[in-house]
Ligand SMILES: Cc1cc2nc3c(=O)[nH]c(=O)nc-3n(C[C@H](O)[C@H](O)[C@H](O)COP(=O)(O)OP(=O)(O)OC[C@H]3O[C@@H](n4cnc5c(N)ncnc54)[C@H](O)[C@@H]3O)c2cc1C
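Just the one chain here, the form predicted on its own, laid out as structure tokens.
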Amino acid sequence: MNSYDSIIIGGGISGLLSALVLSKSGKKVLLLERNRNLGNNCNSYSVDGYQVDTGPHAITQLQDGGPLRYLMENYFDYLPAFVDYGDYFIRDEDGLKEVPTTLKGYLTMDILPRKDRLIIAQSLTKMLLSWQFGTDISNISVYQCLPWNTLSPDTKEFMDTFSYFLSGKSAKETSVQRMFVGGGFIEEDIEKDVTHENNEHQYIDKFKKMSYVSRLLNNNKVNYNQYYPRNGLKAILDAILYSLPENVEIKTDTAVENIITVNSTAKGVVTKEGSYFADTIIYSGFAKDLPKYTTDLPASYISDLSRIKQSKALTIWLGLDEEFEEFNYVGGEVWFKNKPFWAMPISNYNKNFAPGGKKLVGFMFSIDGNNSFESEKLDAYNTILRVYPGINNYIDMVHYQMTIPEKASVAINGFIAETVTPIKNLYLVGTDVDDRSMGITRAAYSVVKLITVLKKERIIDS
């Protein structure tokens, strides 16, 4: 019989990190991935001599208390090198301007009308002070906290754009808390996962709230604490793979068809190649799709999973001649007027990402899922040509990607699943199991939560 201690369903970043944790805890692990390649949204590959990532990325919270930092320090044998992300800019018809991160910054941001700047600054301060004194702002939308109907069209587009990039949804569905976290005003960490004394965590949390408010009101610039892997996203993937011990078996091109359960307890999985059995099953696929793999879930839980909201993203990678000078900076930029996008010239981190004399830039668009891929591609490409006049004369390579950057949007009235499921011995990880941060960091948070649960249930040692 094909027996293991643990089976991981899915070979994306969450599944691979779970396999690393369990195997380093002495478990015999089987990881099953339906695709040929591992990593999913955490990977890089070659296109006509350029190394593209699976969408532009910034790796957040690599300081002490950050989830990926915690996992690297405790489980990695090989560490990827990171470089400072750089600066964030807003682009308008007059060029680039730094994204505001202080109260003074919002007041002097001349891309928006002065009246709207005052409204945003006042609303920001009011919400942050309310949060400091215990108000739950996770269910207050950006739309609700502003006198929306009095704002100019540009300001509405500005707030909607940043809401989309931080949550995948509009200002009506994005919480103020998500805006604060994504904007760097509030920093998150894993203390609530690893701090055993609840009173101690509450004290630390209260102290931090006071420090964030003070930092905002005193106009101290927020440290984004964001980085980029020097050798691209594949450097993180490779570091995990090189760190996996021999007690991990990986099968790619192997899709799980069913999760075997007996008396509402997970026992194994069924694939076309055969059945595999284990005491612990970790599911890192889309939580929304879990009912496809088992009939033992309660109707109420299935209903909750159906509330998970998702968004799609289109990335266009352009290889450009170096003579085109609009991207001579380190960091990223946002265009917010009429078809918003986030652009990131990643070859400025590592010139080896592009052939000699070339540069590589990724443009990520949040797209309407009701439109065809071809129409979205055309609209997005024409937007780039419109925003950067003359860029078409410098284009050497064009490559398109369609992804679901987060398995669950952090949206008001949406749903984020928990690690523990109604089925015994079946656990979830992934960006639909934790609402903190974004991308790879968010996936890492979910794995730290998994570690906490598995230690509590004595599946792995404390």
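Each residue number is its position in the shown sequence, starting from 1. Note that the structure is predicted; figures quoted are calculated from it, not measured.
Below, we turn to the form predicted together with this ligand, even though it does not appear here.
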**Message:** For the three residues 287, 426 and 450, which mark the spot I'm curious about, does each lie within 4.5 Å of this ligand in the predicted bound form through at least one heavy atom?
**Reply:** no
**Prompt:** Taking this ligand in the predicted bound form as the reference, which of 144, 383, 254, 310 has a non-hydrogen atom within 4.5 Å?
**Reply:** 254
**Asked** Is the gap between residue 66 and this ligand in the predicted bound form 4.5 Å or less for some heavy atom pair?
**Response** no
**Request:** Give a yes or no for residue 406: in the predicted bound form, does one of its heavy atoms lie within 4.5 Å of a heavy atom belonging to this ligand?
**Result:** yes
**Contact flag, residue 23 vs this ligand in the predicted bound form, heavy atom cut 4.5 Å** = no
**Message:** With a cut-off of 4.5 Å between heavy atoms, is residue 419 one of the residues that contacts this ligand in the predicted bound form?
**Reply:** no
**Request:** Considering this ligand in the predicted bound form, find the one stretch among 26-34, 411-419, 44-52, 392-400 with heavy atoms no farther than 4.5 Å from it.
**Result:** 26-34
**Sequence-ordered residues of 328-354 touching this ligand in the predicted bound form, heavy atom within 4.5 Å** = 342
